[in-house]
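Okay, here we've got a single chain as structure tokens, the form predicted alone, with questions on binding and movement later.
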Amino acid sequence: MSDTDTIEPSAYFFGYIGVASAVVFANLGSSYGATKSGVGICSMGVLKPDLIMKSVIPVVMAGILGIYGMIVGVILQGKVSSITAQSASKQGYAYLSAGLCCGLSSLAAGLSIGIVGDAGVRANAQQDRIFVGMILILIFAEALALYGLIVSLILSQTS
């Protein structure tokens, strides 16, 4: 009887749900942020096409959210495949919470980046002084996902 025969299958289930949660929710946030900001850029570009490249910043920041999910997903996948029998349930739950932490934080950040990016690039076309404020708000929105990434990495170290 090997070591994997005594491990609860639910530990693997919860661990892999954590992997999927990190990737799926982070990509949902990333795609929403990029799409919503992109709509604002297209709308603004009709009036001021010279500002299009300057206005791409929210789309890039939204794209980074998907990278956070991928990083956590890859780390968790390696951890889930090496769950030990001694604390299998604990590890499975920890990996689930790590994935949800990163994924849902990135989803929240993506929603924020999308809304601020859309309104910000449109407002920037009318008033140049709004740009710095928009960037600061986007940075704080991105920080939400970064907090989730950090906590996910800490949770993934559970043994």
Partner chain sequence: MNWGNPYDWTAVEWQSATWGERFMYIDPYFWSYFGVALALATSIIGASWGIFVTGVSLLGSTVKAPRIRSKNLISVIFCEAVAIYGVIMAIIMIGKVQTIESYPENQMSQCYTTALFGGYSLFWTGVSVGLSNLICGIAVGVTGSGCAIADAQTPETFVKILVVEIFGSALGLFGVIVGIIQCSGASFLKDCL
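Numbering follows the first chain given and starts at 1. Just so we're clear, the structure is a prediction, and the values are computed from it rather than from any experiment.
The form predicted together with the partner chain is left out here; the points below concern that form.
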Candidate site 112, 140 and 158: all three near the partner chain in the predicted complex by heavy atom within 4.5 Å: yes
Per-stretch contact check against the partner chain in the predicted complex, the hit in 23-31, 37-45, 55-63, 125-133 (non-hydrogen atom, 4.5 angstroms): 125-133
Residue 147, heavy atom within 4.5 angstroms of the partner chain in the predicted complex: yes
is_contact(residue 89, the partner chain) in the predicted complex, heavy atom dist at most 4.5 Å: yes
Distance check, residue 70 to the partner chain in the predicted complex, heavy atom within 4.5 Å: no
Partner proximity in the predicted complex: residue 51 to the partner chain, non-hydrogen atom cutoff 4.5 Å: no
